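The form predicted on its own is given below as one chain in structure tokens.
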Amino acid sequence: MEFLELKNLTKIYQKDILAIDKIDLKIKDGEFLVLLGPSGCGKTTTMRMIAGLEDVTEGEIFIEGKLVNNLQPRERGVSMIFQSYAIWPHMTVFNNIAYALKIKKMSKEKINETVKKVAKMSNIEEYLNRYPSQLSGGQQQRVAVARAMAVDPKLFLMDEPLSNLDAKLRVSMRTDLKEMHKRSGATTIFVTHDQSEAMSLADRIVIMNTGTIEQIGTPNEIYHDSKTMFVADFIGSPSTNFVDVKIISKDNKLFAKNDAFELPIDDKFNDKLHGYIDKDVVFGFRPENLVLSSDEEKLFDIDVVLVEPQGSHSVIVGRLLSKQIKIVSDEVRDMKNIKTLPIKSNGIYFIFDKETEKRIC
């Protein structure tokens, strides 16, 4: 039995605004699942329906096999952490964490034990007597997490909890959240639009787009086995380069051809591409899968627009057939006076149907 299951979940606002369109999702006990997608894709709405903060228009939500559609938020055994830390400014860290436990009529000894336990897990033991105004943003976020952990929920729901932190602190908090999750073993759903956050935290990622699920998979599956152009474009920084080509056949060999290059296609794709001969498709090259080459080995030349130094590597921005192309390279070279560069493929690419935008192979 799955820990959490969504069946045909649908949300319609004001009778005609479809926010969530019949999604199905199963989440395992102890899993760290990330809902990832652009603003307005429905990820927060999905989480709020799970929490009971939004009514379900259609479909069912099961937690540990129990239908919870009609249960109040406090009856669902979930704990939610929001963008804003929502901790009481007039209470010490200790009392912020202990507040919900006192409402539950827990004994003083048990409250002390629980607060110290979650404070240790959240690495805020030394701050228990401080007020929120005396803490940094990262420390306040840890207090919010500790408070959520203290009530021992069945399910953690986190709605972009790191978005108010600066870039460096967000990275360190990712590590902290992952470590806290491992120690607690609690099932967690985390909402974000930040792909690097999703990739570093998730056991599995759910890519959402306009109220539907585009793909579900591990970070590696989402990145290396993208099922649609949307996923291939959304995941990865820089994003995937898309190039229009036509599939042609010469001497029983398939090629991808356009005005800039003619690329022989791996024979293992022949069966899947048989119906696409003499048709236009879209090739997707990840920036790291296009590499600098010699003139003899090149697949095509790009017109260099600029180079973005990133420390350990550079991002070369160029143009091919009037389209922008980005290439990640760790080769050290002076690009100041270079107007064109020879490029080749390392043999890794995606091929998409131009109409459906679904991956062919």
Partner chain sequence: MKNKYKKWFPYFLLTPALLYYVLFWIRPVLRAFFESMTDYDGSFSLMFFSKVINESMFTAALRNSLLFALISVMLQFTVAFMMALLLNKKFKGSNLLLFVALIPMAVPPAAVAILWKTGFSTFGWINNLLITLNLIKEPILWMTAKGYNALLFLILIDTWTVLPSVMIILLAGLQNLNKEYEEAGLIFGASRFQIIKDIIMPILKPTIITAVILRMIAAMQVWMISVMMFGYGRVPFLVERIAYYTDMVPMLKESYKMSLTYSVVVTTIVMISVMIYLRVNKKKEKEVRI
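Positions refer to the first chain, counted from 1. Definition used throughout: the rigid core is the maximal C-alpha set that superposes within 1.5 Å between two forms. Keep in mind that this is a model prediction, so the values were computed, not measured.
The same protein also has a form predicted in complex with its partner chain, omitted here; what follows describes it.
Interface residue among 248, 100, 260, 71 relative to its partner chain in the model of the complex, by the heavy atom within 4.5 Å criterion: 100. This chain appears without its partner; in the model of the complex, the one residue of 90, 182, 168, 268 with a heavy atom within 4.5 Å of its partner chain is 90.
Put simply, residue 292 is far from its partner chain in the model of the complex: not one heavy atom of it is within 4.5 Å. Interface residue remark: residue 48 is counted as part of the site for its partner chain in the model of the complex, having a heavy atom within 4.5 Å.
In the model of the complex, its partner chain lies within 4.5 Å of some heavy atom of residue 78. In the model of the complex, residue 151 approaches its partner chain with a heavy atom inside 4.5 Å. Judged by heavy atoms within 4.5 Å of its partner chain in the model of the complex, the contact stretch among the candidates 280-288, 251-259, 182-190, 142-150 is 142-150.
Remark: with the core as the superposition reference, the CA shift of residue 196 between the shown form and the other one stays below 2 Å.
When two forms of a protein are overlaid on their rigid core, residues whose CA moves 2 Å or more are considered shifted, and residue 269 is not one of them between the shown form and the other one.
Residue 129 is among the residues whose C-alpha shifts by 2 Å or more between the shown form and the other one once the rigid core is aligned.
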